[in-house]
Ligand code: NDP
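Next up: just one chain, as structure tokens, the form predicted alone.
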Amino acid sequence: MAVELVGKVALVTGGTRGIGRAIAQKLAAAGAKVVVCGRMPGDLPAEFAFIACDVRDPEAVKAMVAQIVVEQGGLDFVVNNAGGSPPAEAATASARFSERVVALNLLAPLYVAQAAYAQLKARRGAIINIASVSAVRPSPGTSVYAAAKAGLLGLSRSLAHEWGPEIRVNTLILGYIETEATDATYGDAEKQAAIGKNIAAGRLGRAEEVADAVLFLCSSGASYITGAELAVHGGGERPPFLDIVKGEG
């Protein structure tokens, strides 16, 4: 199904690189006017508008949304993509570190959604929150990140009811996705191949495939989809207990 978003305006947080950039490119290709935010614009294509914003700062977020409305004429879609966390042992992670991880991965999507609420309600728009498999399975070494992303799932489900039917709110649960930072994130090619072998789809996902899912959730084809969690993880990881039991047999 071809998706047409001509006349629509979309905001993609963390849209200057990686998955966010792929999402922004897909929305723009469908005809939407796309605004991305981040710390620095980098080498963004001319068709994107860029606003520097720390989405952990609610006042900065309000100012950003106000600027979008003035410059673009409104706002129809919000993709809360900004997020992430470096590894940190839960026993020794500082309070400041934990607060910042929660602020980026849980509070920031809330701040953006709140700031965009009036526009999205008036234009019957949609919010797509980007979560992680860390939210639905143990994530040792990034426990605070996992907790924040799990909280994002709960937030999305609740907002879908509180703000519906005018605003649809859905979440993508992402698995292992290739970006320009794949080597730094997952290790060398051998390690990436081992990860892929353990996934039902037999490989890591591509940022463009995440963007396809976002495009669908913005489209009229998803008009009855809200409060949903769409897993974009290639079928997930093979349970390790299968090998343990097999080894014991």
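Heads up: residue numbers just count along the shown sequence, starting at 1. Because the structure is a prediction, the values reported are computed rather than measured.
The following text describes the form predicted in complex with this ligand, which does not appear among the structures shown.
In the model of the complex, at least one heavy atom of residue 177 sits within 4.5 Å of a heavy atom of this ligand. Taking the partner from elsewhere, residue 56 is found to have a heavy atom lying within 4.5 Å of this ligand in the model of the complex. Contact between residue 17 and this ligand in the model of the complex is found at the 4.5 Å heavy atom cutoff.
This ligand in the model of the complex comes within 4.5 Å of no heavy atom belonging to residue 116. Residues within 4.5 angstroms of this ligand in the model of the complex, judged by any non-hydrogen atom, belong to 36-44 and to none of the other stretches in 211-219, 195-203, 36-44, 65-73. Proximity to this ligand in the model of the complex, taken as a non-hydrogen atom within 4.5 angstroms, holds for one residue of 148, 78, 82, 167, which is 82.
Note on the partner interface in the model of the complex: the residue among 110, 136, 153, 104 having a heavy atom within 4.5 angstroms of this ligand is 104. Residues 130, 131, 132, 145 are the members of 117-145 with a non-hydrogen atom no more than 4.5 angstroms from this ligand in the model of the complex.
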